[in-house]
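What follows is a single chain, given as structure tokens, in the form predicted on its own.
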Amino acid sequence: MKFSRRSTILGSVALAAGSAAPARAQLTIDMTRPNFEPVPIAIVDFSGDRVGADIAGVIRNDLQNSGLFRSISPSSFIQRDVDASAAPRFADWRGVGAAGLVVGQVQQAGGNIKVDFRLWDVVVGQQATGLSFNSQPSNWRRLAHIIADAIYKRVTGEEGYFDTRVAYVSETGPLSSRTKRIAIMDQDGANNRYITDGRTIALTPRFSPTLQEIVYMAYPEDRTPPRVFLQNVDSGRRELLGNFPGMSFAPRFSPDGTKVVMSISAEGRTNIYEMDVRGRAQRRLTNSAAIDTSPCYSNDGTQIVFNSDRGGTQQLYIMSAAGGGERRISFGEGRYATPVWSPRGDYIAFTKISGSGFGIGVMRTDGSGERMLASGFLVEGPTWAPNGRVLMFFRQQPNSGGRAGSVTLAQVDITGRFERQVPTPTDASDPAWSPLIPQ
């Protein structure tokens, strides 16, 4: 998708001026504080075109679902005649408890739509930010996500993550004989579509860091070794990356997209290998009699985290991306699996199995500061949002007989305070979050 974007006004003085009203909610939030409160924000339906209400609805949903904003119900609004091009009646918005106000308008522009929005700092009485976009009418939902990202960044100081996609494994049929297809959707569950047809079992989708492509593993019907495919999610163009006997997870890309790392079992050993995507040349990185698996590159590509039972139990280790220098970083009770390095480089997320329960946690890259964010009957497979402040994973609930039941996707923020279920049309597992979509 191509569209043009231009910045209109940036109110960089809004937060400094906000100190004049310390008793009111501020249009800022510090996610590192242990007891922050969601920012109350009012979002008015955009004027000028009927799609304006839809745009405002997506923005409300994005911000509310982040757990960092509290969307004020439109039924409580005092000012009803909001002019998107003029200053609002700030006293009316303070009266409903809003710290921020989002207004906008949609205009037809030669077959395209022109969307303008403004974020007002109600406490200070100044505009905080504003943007203008020109795009095809069919792109209205993406524009709404991009506006929500701009608001998120202005209020939190962090990059947004709403203009992204999620690939996952769609599961249908009885638990003993499931049909597993790769599906892809917007991060909020909209625009769901399938990119494999279900005739083969497709598993473990992973996004390329440089393009809107995914790599996934498929088991052919003739029971030949698993094949790994690279597929463009927009054009549908697919190419065979290789046949890898003994592999149980699709490879993960290096940050520059030129290499992939994977675990392969051969002659009773499971070791980690690196492959050049273009030349297809392979190189073994570990040489262990243990099971080394689930490798993931660091955000700068210089290290690899993986799990191994070389010490007697399944734990997390870090080594050089060239191989060697392995060191253990997990020392808590239980077993550790599926480590994933944060895009920011500050945390490693993991699955932890302790007793009869599962959990999703994070630790610093030296193993310190371990924190559990979610737990349950079966929770597994964390994946990071591109801003490194939100995780998605899958959760399986027990049925009435105490056995495995439905499988759903869930999302939790880095503090562990806010968890929600992500809507999918079928059972869903093994999510993979995309980078921000190119504009």
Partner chain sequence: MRTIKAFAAIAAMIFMAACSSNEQQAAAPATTTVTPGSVADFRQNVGDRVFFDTDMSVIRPDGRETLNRQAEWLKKYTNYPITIEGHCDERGTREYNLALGERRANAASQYLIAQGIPAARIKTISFGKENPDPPGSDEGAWARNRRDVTALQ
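Positions refer to the first chain, counted from 1. For clarity, every value in this text was computed on a predicted model and none was experimentally measured.
The same protein has a further form, the form predicted in complex with the partner chain, not shown here; the description that follows concerns it.
Quiz item: Which residue among 105, 338, 135, 132 has a heavy atom within 4.5 angstroms of the partner chain in the model of the complex?
Solution: Selected option: 338.
Quiz item: What is the one choice in 387, 47, 396, 28 with a heavy atom within 4.5 Å of the partner chain in the model of the complex?
Solution: It is 396 that has a heavy atom within 4.5 Å of the partner.
Quiz item: Closest heavy atom of residue 180 to the partner chain in the model of the complex, within 4.5 Å or not?
Solution: Although the partner chain is absent here, residue 180 would touch it in the model of the complex, with heavy atoms inside 4.5 Å.
Practice problem: Would you please decide whether residue 289 lies within 4.5 angstroms of the partner chain in the model of the complex, comparing each non-hydrogen atom pair? | Solution: Answer yes; at least one heavy atom of residue 289 falls within 4.5 Å of the partner chain in the model of the complex.
Quiz prompt | Partner proximity in the model of the complex: residue 256 to the partner chain, non-hydrogen atom cutoff 4.5 Å | solution = Result no; residue 256 lies far from the partner chain in the model of the complex.
Quiz item: Should residue 268 be classed as touching the partner chain in the model of the complex when contacts are defined as heavy atoms within 4.5 Å?
Solution: Yes, residue 268 lies within 4.5 Å of the partner chain in the model of the complex.
Self-check item: Within 4.5 Å of the partner chain in the model of the complex, all of 77, 94 and 123 (non-hydrogen atom)
Solution: Answer is no for this spot.
Exercise. Determine which one of 187-195, 171-179, 82-90, 115-123 lies within 4.5 Å of the partner chain in the model of the complex, judging by heavy atom distances; exactly one does.
Key: Flagged stretch: 171-179.
Practice problem: Select from 291-323 the residues with a non-hydrogen atom within 4.5 Å of the partner chain in the model of the complex and write them out in sequence order. | Solution: Counting only heavy atoms within 4.5 Å of the partner chain in the model of the complex, the contacting residues of 291-323 are 291, 293, 294, 307, 309, 314.
Quiz item: So the Cα-Cα distance between residue 315 and residue 250 shifts by 3 Å or more in the model of the complex; is it shorter or longer than what we see here?
Solution: Closer, not farther.
Practice problem: Look at the CA atoms of residue 294 and residue 250: state whether they lie closer or farther apart in the model of the complex than in this form, given a difference of 3 Å or more. | Solution: Result: closer.
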